[in-house]
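For reference, the chain that follows is the form predicted on its own, supplied as structure tokens.
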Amino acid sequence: MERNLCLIGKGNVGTQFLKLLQKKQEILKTKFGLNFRIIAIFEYDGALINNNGLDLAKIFDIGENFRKLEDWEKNVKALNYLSKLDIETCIETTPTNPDTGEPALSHIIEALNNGFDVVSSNKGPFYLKYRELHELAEKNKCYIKYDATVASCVPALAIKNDLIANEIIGIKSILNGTSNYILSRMTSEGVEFSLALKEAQELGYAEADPTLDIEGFDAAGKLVILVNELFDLSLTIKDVKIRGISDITPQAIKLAKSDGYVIKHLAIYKNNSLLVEPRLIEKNSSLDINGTLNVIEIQTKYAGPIILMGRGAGAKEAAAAILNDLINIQKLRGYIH
């Protein structure tokens, strides 16, 4: 069965998705009888478009010069062209404005209004307009998936389907690898915050402007999506009390260590409140993880704490989550079993 797709955003995540899709093509055909074809790849200044399917090998071979390919159409915008495409699913991987959710929010709305299923790696639209997007998808009989938005390919959202007969009570988590790396370095080496941040930037773990990470907004957005999904709520990032890590000192970390604790930047949902802030936790507890790892401790009524841990960021990890969502949509559609 052939399924036609478009990709909006050929950045790191989008490119890794294309590479993973090409790598898994034979397995997808053999195991599921699926043949995914990329019909269009939209960038900010145009698009690669071929109604018979783009040649991914050619695109990879030419690299950053993909605009020189014969399939390139200059100044084509996704918002204006989506309705002309013969596709079933739209993949959205553009960078997002955290205050507005754009341009991803408009792309997703346009795709749903055209009856396309959507898979997205963008947090902004979902911590700002979670309920509205779900209602629009339901109205247009579409599926919308976004597992890559929280802890990347760690199945933080998908686990909901395995806890239907259980009861989730609360969540404690570390959802931002940058902050966790900084605090880990400060704990292990006793270095100042500014030095740990500079190191994180040099290693590519932190952006040139690290505000969203170190001040807790990235973790807060992920917490909102996680809580909305697992508890069937419609909260936004405005419902989260947020405090960052920029005021944490080596002295505070040293004092915590002397009492058998470490300081971690936690994202917590308990008693109907959402909180992102530095907290003291016992050393060697399930939340005492180092480096850029993410961890999610889901408190349940019948199983106690369920721990999910893994690499919660990265282009390859996000690509794996996107492909997983894409396959799951085919299952929901009844195309595979």
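None of these values were measured; they are calculated from a predicted model. In case it trips you up, residue 1 is the first one in the sequence shown, and so on.
The protein also exists as the form predicted in complex with a small molecule; that form is not presented, and the subsequent description refers to it.
- In short, of 229-237, 148-156, 132-140, 181-189 it is 148-156 that has heavy atoms within 4.5 Å of the small molecule in the predicted complex.
- Under a 4.5 angstroms non-hydrogen atom cutoff, the small molecule in the predicted complex has residue 94 among its neighbouring residues.
- For the chain shown alone, residue 244 is not a contact residue for the small molecule in the predicted complex, no non-hydrogen atom being within 4.5 angstroms.
- The closest heavy atom approach of residue 101 to the small molecule in the predicted complex falls outside 4.5 Å.
- In the predicted complex, the small molecule sits within 4.5 Å of a heavy atom of residue 123.
- For the candidate spot formed by 172, 248 and 288, no residue has a non-hydrogen atom within 4.5 angstroms of the small molecule in the predicted complex.
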